[in-house]
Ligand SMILES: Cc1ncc(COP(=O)(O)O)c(C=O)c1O
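Just one chain follows, in the form predicted on its own, and it is written as structure tokens.
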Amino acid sequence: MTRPIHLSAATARTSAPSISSLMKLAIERPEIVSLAAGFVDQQSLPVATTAHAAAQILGDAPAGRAALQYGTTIGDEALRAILIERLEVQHGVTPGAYRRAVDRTVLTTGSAQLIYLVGEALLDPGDIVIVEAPTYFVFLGPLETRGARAIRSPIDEKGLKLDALEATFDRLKAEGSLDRVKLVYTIPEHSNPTGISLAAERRRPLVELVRRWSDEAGHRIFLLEDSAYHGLSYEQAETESLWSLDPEGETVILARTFSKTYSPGMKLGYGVLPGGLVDAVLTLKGNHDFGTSNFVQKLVRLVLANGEYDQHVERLRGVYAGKRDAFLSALDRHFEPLRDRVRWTRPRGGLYVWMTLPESVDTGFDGPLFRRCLEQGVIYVPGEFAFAPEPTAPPRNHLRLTYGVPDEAALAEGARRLAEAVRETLAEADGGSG
């Protein structure tokens, strides 16, 4: 007789990742145009640059042995120093102005590990995280595992609405839950899933708002700045980070990654933490892995130092800007007859377009649109996954689209197939009047 397995409560309350079935579908049916998985452009991955850097490291026996040995839990000090120096350049401050932040910088196995560690360090069951509506749906998974409440606060074309965030805090205070609020999560640059960036004029007020509510709550409420798409702006220079607006280093947690700008296979990210979080995160990270891949850290340090990383990002911006333009042009063309009923964002960077249909259209896996898209040979991520479950049931009339993987011809064809499926679905919803 097979004995039952008693899984943990954390396992039991964690749902399977919604994107997994879409990835499997794209692999099993290569004829499908996938506008779903947020992968990077396959042809742009820096194979030659990485091979050259690896050969340099391994061609020097002492350096090679050092790279192949264990590193430290916090990560390579020279790399951490370079990252902070780059923040100084980005924000135009005096060299050395951020030097003390080197000791608060932690190298992680992708920014996903940093985000998970922050949740592990801060959140108990019943604690509250305020997220954008919509938000990065993968972030909601670790919150579910921790047993935290994810509560959404709306955005508009300029990002997180500060008056609405204020109202969210007021409501939580009124219901006696302010003491459970631990974190506000935002993606200020070319957000996944919408492609929208937080307006420059809202950035400092956002930091001040969170700091003020920390005073009201009587404990630290952190602002987690997920800056995964930093560097992928196609039209104008990126504005100041939220982290730079917190000179005391008490409120903002900066999370960045090399996955989108260099290679997701390298799995390297980093965080600049408020001082009070560093020891807690490092203790937990030590239990995870003793430290992120030392070889990967040495390799990334080299390509940053020799300029090859920045050259690669410059090329990548050209690739993605071309794809974005081709995709938006195709959407404009094929959705022209539906423009009074369908709208979508026009990102200035990143990899995503957010589409909104009439409220009567269910874009979920079990809805008529997804079924028709499968028949047409195109897939997307249902937008419902990008909404936290509170305070009301998530809307079901949105789609997340990505232009990262398909080439320009496939993007144009994917837009055509999607438009046909939407047209048919709307016609059915109208009772066949078409």
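In case it trips you up, residue 1 is the first one in the sequence shown, and so on. Please read all numbers here as calculations on a predicted model, not as lab measurements.
Separately, the form predicted together with the ligand exists; it is not shown, and the next lines address it.
*Would you point out which of 238-246, 105-113, 333-341, 170-178 contains residues with a non-hydrogen atom within 4.5 Å of the ligand in the predicted complex?*
Single hit among the candidates: 105-113.
*Classify residue 262 as contacting or not contacting the ligand in the predicted complex by the rule of any non-hydrogen atom within 4.5 angstroms, answering yes or no.*
Output for residue 262 is no: heavy atoms all beyond 4.5 Å of the ligand.
*Using a 4.5 Å heavy atom cut-off, state whether residue 192 contacts the ligand in the predicted complex.*
Close contact exists here: in the predicted complex, residue 192 approaches the ligand to within 4.5 Å, heavy atoms only.
*Please check if residue 132 has a heavy atom lying within 4.5 Å of any heavy atom of the ligand in the predicted complex.*
Flag for residue 132 set to no.
*Using 4.5 Å between non-hydrogen atoms, is residue 98 touching the ligand in the predicted complex?*
No, no contact at 4.5 Å.
*253, 184, 187, 300: which sits within 4.5 Å of the ligand in the predicted complex by any heavy atom?*
So the residue touching the ligand in the predicted complex, by this definition, is 187.
_Considering non-hydrogen atoms and a 4.5 Å limit, which listed residue (348, 267, 212, 317) is close to the ligand in the predicted complex?_
The residue in contact is 267.
*Of 219-258, which residues get within 4.5 Å of the ligand in the predicted complex if you count heavy atoms?*
Heavy-atom contacts within 4.5 Å come from 226, 228, 229, 257.
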